[in-house]
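Just one chain is shown here, as structure tokens, and it is the form predicted alone.
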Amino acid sequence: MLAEIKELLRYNELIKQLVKRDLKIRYKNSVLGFFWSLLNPLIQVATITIVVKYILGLEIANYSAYLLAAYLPWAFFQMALLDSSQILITHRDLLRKVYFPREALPLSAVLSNLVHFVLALVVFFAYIIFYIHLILHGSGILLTALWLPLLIVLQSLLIIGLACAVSCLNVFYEDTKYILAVLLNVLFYLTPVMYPAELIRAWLQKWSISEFYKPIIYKMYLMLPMNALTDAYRKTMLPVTSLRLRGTEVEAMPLDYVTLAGAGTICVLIAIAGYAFFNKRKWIFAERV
């Protein structure tokens, strides 16, 4: 595997060109350019805010910022996987004619979406500074935001591993991209994006099981990589605030760094496993596409 990574690094210029090509094609003949990529999350956040805050009765200070802090990482996760699922089919002519490390293709899909994510975070921080801090006199950027680079690296590793596996499977089974779309829709509601992870903890307290198992189940829930990362993004960028659901107080919890470390380890293992799975099959892609 180390030899394959070294070879991939030698083709870094190719990866850069693939990323640039993707960004140019995406914004070709577009007046607003990057802001079209930001418009969809903003509309989704506005819609979810109305439903959750005003209809379901979840009371969180500055809920739009609270939601956006989790939705942007989710959008990165979703779009990178959907794009990478078809990347090998899209570049079938390149696979048949030119020699290069095949993993450069799903990697370029992840990196192009990473560019969008980082730019969206810049806009998000501008929102925190100019709206929440200066207008609403809320908290500005927290010192814990220094954890963001590590969170971005861990999430990128998670996505790279999954992207390698998904892009490979789609070559052999084209139903993969449809199954992926369905699974992502389901996973969105199971991941604490619209709601805080603490609501799951409060829900578990109502279970008629031993008190010994309740914190264990909650830890297992948070150990799932996207659950841990979503919770961490939110709590590193925004202060932990009081939560109320239909008038009932829900205890807000600080970031659990031990659980995050466990989830980070899983991210690394998924990256290794996905990359190994891809590399065992990559030289027969040209015959299958």
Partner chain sequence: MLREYKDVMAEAITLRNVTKVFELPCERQTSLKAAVLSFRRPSARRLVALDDVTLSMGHGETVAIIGRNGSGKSTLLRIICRVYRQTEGAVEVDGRMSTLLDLGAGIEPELTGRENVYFNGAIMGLTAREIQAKFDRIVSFAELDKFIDAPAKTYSNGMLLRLGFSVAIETDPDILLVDEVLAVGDAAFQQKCYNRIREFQRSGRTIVVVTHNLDIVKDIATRAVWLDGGRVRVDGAPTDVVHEYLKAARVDQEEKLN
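Positions refer to the first chain, counted from 1. For clarity, every value in this text was computed on a predicted model and none was experimentally measured.
Just so you know, the form predicted in complex with its partner chain exists too; it's not on screen, but the next bit is about it.
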Selected contact from Val118, Val186, Val98, Val153, since only one has a non-hydrogen atom within 4.5 angstroms of its partner chain in the model of the complex: Val98
With its partner chain left out here, work out from 156-164, 120-128, 88-96, 214-222 which stretch has heavy atoms within 4.5 Å of it in the model of the complex. 88-96
Decide whether Ala286 counts as a contact residue for its partner chain in the model of the complex under a heavy atom distance cut-off of 4.5 Å. yes
Look up in the model of the complex whether Arg21 has a non-hydrogen atom within 4.5 angstroms of its partner chain, and give yes or no. yes
I'd like to check something about Phe172: if you look in the model of the complex, is any of its heavy atoms closer than or equal to 4.5 Å to a heavy atom of its partner chain? yes
Its partner chain contact in the model of the complex: Thr265, any heavy atom under 4.5 Å: no
Quick one: Gln17, Ile25 and Arg102 and its partner chain in the model of the complex, is every residue within 4.5 Å by at least one heavy atom? yes
